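For reference, the chain that follows is the form predicted on its own, supplied as structure tokens.
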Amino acid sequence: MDLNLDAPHSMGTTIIGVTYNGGVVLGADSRTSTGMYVANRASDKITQLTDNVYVCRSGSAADSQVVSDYVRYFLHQHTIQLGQPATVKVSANLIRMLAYNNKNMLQTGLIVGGWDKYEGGKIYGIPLGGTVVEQPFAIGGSGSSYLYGFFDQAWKEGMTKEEAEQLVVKAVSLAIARDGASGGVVRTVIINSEGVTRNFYPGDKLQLWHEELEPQNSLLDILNAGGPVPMAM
């Protein structure tokens, strides 16, 4: 079999950021894929930039990680010079500047979310090319294609923290059900005036959707269980 190792690989994920009444909730799946191969089934795609700002990473894992590392370093210097934490807008603009100035070399889309004392909870989407857009909610990655209509219907102004996190977990599980490049577990990060809370939802505890098979311990269990019954003609 002729394998072209220099050919571009398809990289997929599902990342989400949602504002609620008092803060933001970020969520992501945990599958890192390289074409058809799952390179890491339990990766953490929600990266800390400062004490109050996090970023969800999609696209090239290497590109998104190096951008996050640079921005974390710059924000640390910024905090020392000003004597106070950086705002969410400053963090998003730093990422926007790096993404735009290197747009011909980077293949990554990011969602920045956090809370600061000036503007409260904020979500910024930074897609390929280096645009920055403030949004009440943002979705990204290959799984986002399946979620736009769902968010149009399900998102609402003034949600509670619990409602926002339930929405994020439900949305990621829906994307996992339909998108082959998304999978694994669901991780969430809640950021508000009280601090940061991380939550973890194992894949076998997520709700099953249409025609999804229940998690099995063995391939033999799946073969013995059989697939969906075909519809009679």
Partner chain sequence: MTFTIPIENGNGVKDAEADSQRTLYPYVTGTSVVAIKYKDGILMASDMGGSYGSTLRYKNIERVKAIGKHSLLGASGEISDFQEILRYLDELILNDNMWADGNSLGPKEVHNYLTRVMYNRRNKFNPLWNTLVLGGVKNGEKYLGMVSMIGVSFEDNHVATGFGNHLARPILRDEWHEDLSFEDGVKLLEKCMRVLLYRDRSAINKLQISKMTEEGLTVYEPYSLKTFWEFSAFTNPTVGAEGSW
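Numbering follows the first chain given and starts at 1. Here the structure is a predicted model, which is why all the values come from computation and not from measurement.
Below: the form predicted in complex with the partner chain, not depicted.
### Query
Pick from 153, 81, 101, 160: which has a non-hydrogen atom within 4.5 Å of the partner chain in the predicted bound form?
In short, 101.
### Message
Within 4.5 Å, heavy atoms only: does residue 149 come near the partner chain in the predicted bound form?
### Response
Contact with the partner chain, no.
### Message
When the contact criterion is heavy atoms within 4.5 Å, does residue 120 count as touching the partner chain in the predicted bound form?
### Response
No.
### Message
Can you work out whether residue 75 and the partner chain are in contact in the predicted bound form, taking contact to mean some heavy atom pair no more than 4.5 Å apart?
### Response
Although the partner chain is absent here, residue 75 would stay clear of it in the predicted bound form, with no heavy atoms inside 4.5 Å.
### Query
Heavy atom to heavy atom, is residue 140 within 4.5 Å of the partner chain in the predicted bound form?
Contact with the partner chain, yes.
### Task
Can you work out whether the partner chain is within 4.5 angstroms of a heavy atom in all three of 105, 130 and 135 in the predicted bound form?
Yes, the whole trio is in contact, each within 4.5 Å by some heavy atom.
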